[in-house]
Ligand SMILES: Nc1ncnc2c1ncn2[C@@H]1O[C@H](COP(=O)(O)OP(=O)(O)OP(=O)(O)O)[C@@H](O)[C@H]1O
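Just the one chain here, laid out as structure tokens, in the form predicted on its own.
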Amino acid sequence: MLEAKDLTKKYEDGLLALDHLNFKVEPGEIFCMFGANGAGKTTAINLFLGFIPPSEGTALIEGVDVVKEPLKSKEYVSFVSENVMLYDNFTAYQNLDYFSKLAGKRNLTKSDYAQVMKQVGLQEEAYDMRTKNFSKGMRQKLGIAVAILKDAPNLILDEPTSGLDPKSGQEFLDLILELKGEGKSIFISSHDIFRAKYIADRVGFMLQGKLVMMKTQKELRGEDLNKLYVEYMQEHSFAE
């Protein structure tokens, strides 16, 4: 479970990047957060991952305060960024071996790595390929493979479908639904309303550090999510 309690970040220059954010992502739930660049999505992720400290409030992963117990909290979460960082001179196999051992998984075999790469849809000829030759879609798939092998109960995904072609994007979303079915809590920061609306159990709209709307999939039934997003952004921008 992921939970934000009045999570706030104000920088020394006075910028209020995140303003008392509250949400909870339960096991087996996908929560998609939408917002323009600078809306606060990345700040929220950085706070959950302990990259920056909050000014107020608390970020909890499986009930563990990420500030008070940073190492313990990281055991319960996997993160896949928009630009997956890999060791480019390593093959796919070698990257999985390195990151799995870094996460404390020391009993995995080459067969285990091959199985998870097949699960994420990476073509077999890429398994022994150096990742400097990977396309963005291939890198995203290998990033998810790393997350799957860690087997953390929570996933945080930052713009996971950015730059993917339609086929790769759909394969990626199908995989996320599989992980949801395994009971994982999944938080997705995205601009991709068209794709994400099909998998989200709940969606939230961020504007200027504030969560200005949160609705369930049931509440959004029959709504044009793209139109709703534009309306909320305009309404709350004028309100400011």
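Because the structure is predicted, anything quoted here is derived from the model rather than measured. Numbering starts at 1 and runs along the sequence shown.
Omitted from view is the form predicted together with the named molecule, to which the following refers.
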Choose from 62-70, 210-218, 42-50, 196-204 the stretch whose residues reach within 4.5 Å of the named molecule in the model of the complex, heavy atoms counted.
-> 42-50
Do L228 and the named molecule come within 4.5 Å of each other in the model of the complex, heavy atoms counted?
-> no
Indicate whether G28 is a 4.5 Å heavy atom neighbour of the named molecule in the model of the complex.
-> no
Would Y11 sit within 4.5 Å of the named molecule in the model of the complex, counting heavy atoms only?
-> yes
Given that the partner is absent here, does G183 sit within 4.5 Å of the named molecule in the model of the complex, heavy atoms only?
-> no
If we check the named molecule in the model of the complex, which of the residues in 183-216 reach within 4.5 angstroms of it by a non-hydrogen atom?
-> H191
